[in-house]
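The chain below stands alone, shown as structure tokens; this is the form predicted alone.
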């Protein structure tokens, strides 16, 4: 029985949170690796792109109840029953799902327009000048600070909570009642949505890249730009579609992270380190590597900063039970874990696990 309690405690505090966090990092790292693979530069503005997409989604989420009330007041017999049926699964109408999922397409659309406009005004100019990748990296840092300032100006620097609907799929109390164990397993709705959404998004992305003509054009452009141009591939179309996909990945990742934790603009700035670490550990330029790297970084951060006293207390004899927390690092230093792993990989295997692009 103690072994089962230890397994449940491990799942509750390590396995489930790390899996959800790994899915969020994987989606973020996919956006970074697509930009690097196709546009040939490291986009330091990606974390703040996630923040911008999440911000737009939050603002739309907050406006939906007002629209819902307006429809209810003005069209009580015609349009409102239809709106009620559409909204019923979501928190705005008392359903279990967060309303942010309903606002997500608008967040993706606005973020895509922002990235396409930024590319046309800024990145496109430097591409025409055939600027070196390091110049584009520096430019992306400027864009990063501009986006960060814009998000803080619009929504403020403080925490913004926008999750509604059911908080848990299974609560710790319900789990204890079902199993009779001392330890409870709490599986949050945001964690379940994160895992399911990540699987769907990744499957759709790989299908698009491998099965569609546009996706194959993007892969050809990534592998050999000159040969792709000779084959008649339109580079501007490839670039535009890349930014649209990156906007979708960044917005989904940003919203899922905000639902699971909370939304704070500076947090997304900090999140850039584990996202880049995920992409580089997996192999910068490799989509599969980005996914694997995301889970490597997530599980490393969570396991190193978790206090193992409870799990070891179940597994060890009473005389040998630890008196301390058995915590290697405080949670305040979780991003330092990403940095250490990143340095080790760059020193001993700079191409990453899946030997991504190095230049």
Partner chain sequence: MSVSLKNTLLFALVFGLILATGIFQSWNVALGIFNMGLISAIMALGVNMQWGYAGLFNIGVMGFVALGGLAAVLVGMPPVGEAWAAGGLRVILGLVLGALTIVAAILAWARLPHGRMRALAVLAILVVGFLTYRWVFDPGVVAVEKVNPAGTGYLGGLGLPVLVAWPVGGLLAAGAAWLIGKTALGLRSDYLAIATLGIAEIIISVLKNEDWLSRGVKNVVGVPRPVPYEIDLQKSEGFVARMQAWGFDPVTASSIAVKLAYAGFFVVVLLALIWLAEMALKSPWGRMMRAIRDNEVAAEAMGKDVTARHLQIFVLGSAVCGLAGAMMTTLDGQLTPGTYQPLRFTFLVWVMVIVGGSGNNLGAVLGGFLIWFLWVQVEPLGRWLMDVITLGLPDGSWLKGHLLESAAHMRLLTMGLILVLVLRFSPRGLIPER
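Heads up, when I say rigid core I mean the largest set of C-alphas that superpose within 1.5 Å between the two forms. Remember, it's a predicted structure, so these values are computed and weren't measured experimentally. Numbering follows the first chain given and starts at 1.
Absent from the display: the form predicted in complex with the partner chain. The rest refers to it.
Stretch 324 to 332 is the contacting one of 50 to 58, 65 to 73, 324 to 332, 289 to 297, since its residues have non-hydrogen atoms within 4.5 Å of the partner chain in the predicted complex. Within this chain, residue 162 is remote from the site of the partner chain in the predicted complex, having no heavy atom within 4.5 Å. The partner chain in the predicted complex is approached by residue 276, whose closest heavy atom lies within 4.5 angstroms of it. Of the heavy atoms in residue 144, some are within 4.5 Å of the partner chain in the predicted complex.
Within 4.5 Å of some heavy atom of the partner chain in the predicted complex lies at least one heavy atom of residue 269.
Contact with the partner chain in the predicted complex, defined as a heavy atom within 4.5 Å, holds for exactly one of 97, 138, 169, 241, namely 138. With the partner omitted here, the residue from 192, 89, 157, 105 that has a non-hydrogen atom within 4.5 angstroms of the partner chain in the predicted complex is 157. In the predicted complex, 121, 122, 125, 126, 134, 137, 138 are the residues of 106 to 138 with at least one heavy atom within 4.5 Å of the partner chain, listed from first to last. For residue 326, the Cα coordinates differ by 2 angstroms or more between the shown form and the other one after the core has been superposed. After superposing the rigid core, the C-alpha of residue 15 moves by less than 2 Å between the shown form and the other one. Once the rigid core is overlaid between the shown form and the other one, residue 307 counts among the residues whose Cα shifts by 2 Å or more.
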